[in-house]
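One chain comes next, on its own, written out as structure tokens in the form predicted on its own.
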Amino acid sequence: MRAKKQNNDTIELDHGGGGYKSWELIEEIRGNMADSRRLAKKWQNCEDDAAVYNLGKQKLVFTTDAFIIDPIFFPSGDIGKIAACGTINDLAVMGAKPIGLSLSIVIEEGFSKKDLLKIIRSINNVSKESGVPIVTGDTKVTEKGKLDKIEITTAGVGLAGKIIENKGIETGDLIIASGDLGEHGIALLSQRFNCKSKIKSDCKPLNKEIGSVASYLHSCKDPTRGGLAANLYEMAEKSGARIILEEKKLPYKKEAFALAELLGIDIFSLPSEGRFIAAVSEGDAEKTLKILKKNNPEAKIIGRAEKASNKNSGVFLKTSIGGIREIEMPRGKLIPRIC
């Protein structure tokens, strides 16, 4: 029997999961925007978490993101909190100090005004906690059935003296996780599939936390869609590095491992919305960790970067018995509607 031919003419859920399919789609979109990309000569780092515009001694950093989540309310957060945090964090991991956000909301007819205002208050709370104001926005309402409840798009601008780039990992750098990972994914999935869990979403703004150690960071990302695997893989590929993680030091709670196994999900692909992974020199690692532990005692060194030989870059796991296995870029259906 012949295998069913894959349809390459339609968008699939895989394309939004943050793994290999997402990367393929983004590359195809970029390929069809050649004229616009030529006009962007004064913009830099357009393939990292934000684009950068040179303003002389300072750099303007600009990013945008859209959020569709199921469920829209989850343990320790909601779609409003994640929308504000997500854009603030995309600026922060680039080394920028966020100075303002825009807020665009599309609401389905019949949506609860009480729920809407609860979401707005969450956004306001993030603004207060982070010190980043919402400075402009837009609201639209669409007919019932044309949207699944609510969609939020945020954009943000920030200023930076020095940009932290994905490609900045150096040979010998240590890899640090700012806390246990995957807890946003576990919190939403446990609610979606009615599994009992004490884990709450890790969603929070990271600008102050990253700002406290930014001078030590060679590379930094928040492992949202695609989790640790996709984001660390991207950092390794762009840096030409071979990253070795230690199985004994993996930044996940035992409950997260158990729930991921129960649901048949690769734990390395679980997203976080209030954590970051970073590369620092071995000489700066302990002082960086000491500062981070003031915010989160779970911060830890999880691996090391080596120079890749023969284009052998990527992410690898050193097992407890001394073996080495590759952690690949996630493929196939990951976790839709989660950020």
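From 1 onward, residues are counted along the sequence shown. All values reported here derive from a predicted model rather than from experimental measurement.
This protein has a second form, the form predicted in complex with another copy of the chain, left out of what is shown; the following refers to that one.
Contact annotation: of the candidates R242, K238, R225, H218, the single residue with a non-hydrogen atom within 4.5 angstroms of another copy of the chain in the predicted complex is R225. For the three marked residues, M33, S36 and T139, a heavy atom of each sits within 4.5 Å of another copy of the chain in the predicted complex. Residue contact check for L101: one or more of its heavy atoms lie within 4.5 Å of another copy of the chain in the predicted complex.
In the predicted complex, another copy of the chain lies farther than 4.5 Å from every heavy atom of Y252. Contact annotation for G131: at least one heavy atom lies within 4.5 Å of another copy of the chain in the predicted complex. Not displayed here, another copy of the chain is kept clear of K198 by more than 4.5 Å at the level of heavy atoms in the predicted complex.
Contact with another copy of the chain in the predicted complex, defined as any heavy atom within 4.5 Å, is confined among 183 to 191, 73 to 81, 242 to 250, 120 to 128 to 120 to 128. For the partner-free chain shown, P133, I134, V135, T136, G137, D138, T139, K140, V141, T142, E143, G145, K146, L147, D148, E151, T153, A155, G156, V157 of 133 to 157 come within 4.5 angstroms of another copy of the chain in the predicted complex, judged by any non-hydrogen atom.
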